[in-house]
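Consider the single chain below, provided in structure tokens and representing the form predicted alone.
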């Protein structure tokens, strides 16, 4: 059982690791860092090498089993930052439960499996084991965050040289396919859907989603980096979590209702993890949107900017984790949402 602390720091650039020094001032040893979850100022697309730079800058300072998840794209009011999830089993004995977390990676995802059932099953099995190792029920889990691979042009050429057709011949589309496979694997592991429903959804024969999955894709890795965040009665710390969903791109009520509940519980919002996408129907509440027909700016960038403004307004600052591309992460056109918040001293 690993209780956790959460520290969030702004960054001056993708290679900025000054948070290590600032965390040390809070008594944090780098070997206690389970995960570094950050937003970088790249385009969030296939060629966003700000993610690669961030991972390369951070990973030498972390223990071998720690994970890094960097999501590109800080459009609009979003601000580049890192969130440190720190193992801490000594947060006091005054709380009747607390937040716990686990982090790990899957084995490398074979290129032929990317965006397909092989990737979905690998994520499902890994998440299920992480939950079992934490000793919590699936209902105690509030967030499963995954960074997964994508297909580069070289990967696609390599597969075809072997007589294998990739899940997608378009590198940008492969990001969505990868996010979809990971998210459906999470949904099965959390008992939100069964495996048959997941397979149908992956094949485009049905609709299914998880309100606790957050998946992003990048070229900087070949395996899936996974973080599971849950509450447990066997931990004692002030951190708590609450998950919900946005029904569409400007469902402010979902965010303010959750914030009001946190306030009723005496909590202070520490972070939001939000997924956002352009509604695939091409309209929102009966009016046409142009996010999917803009040839200059990818739809994920539009969605991050729009939803990021809502999330930042609710938190009170722009250091919020908003990730574009919400395939099977919340209902179509909406997105999964997880709040992390902190209670005051119960004594």
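The shown structure was predicted, so the numbers you read here are calculated from the model rather than taken from an experiment. Residue numbers count along the first chain shown, from 1.
Not on display, but discussed next: the form predicted together with another copy of the chain.
By the criterion of a heavy atom within 4.5 Å, residue 332 is excluded from the residues contacting another copy of the chain in the model of the complex. Interface membership of residue 200, defined by any non-hydrogen atom within 4.5 Å of another copy of the chain in the model of the complex, is ruled out. At the 4.5 Å threshold, heavy atoms of residue 121 stay clear of another copy of the chain in the model of the complex, well away from it.
Although the partner is absent from this view, residue 110 stays clear of another copy of the chain in the model of the complex, with no non-hydrogen atom inside 4.5 angstroms. Checking 139-147, 98-106, 268-276, 74-82 against another copy of the chain in the model of the complex, the stretch whose residues place heavy atoms within 4.5 Å of it is 74-82. Residues 296, 297, 298, 301, 302, 305, 306, 309, 310, 312, 313, 316, 317, 318, 319 of 296-335 are found to place at least one heavy atom within 4.5 Å of another copy of the chain in the model of the complex.
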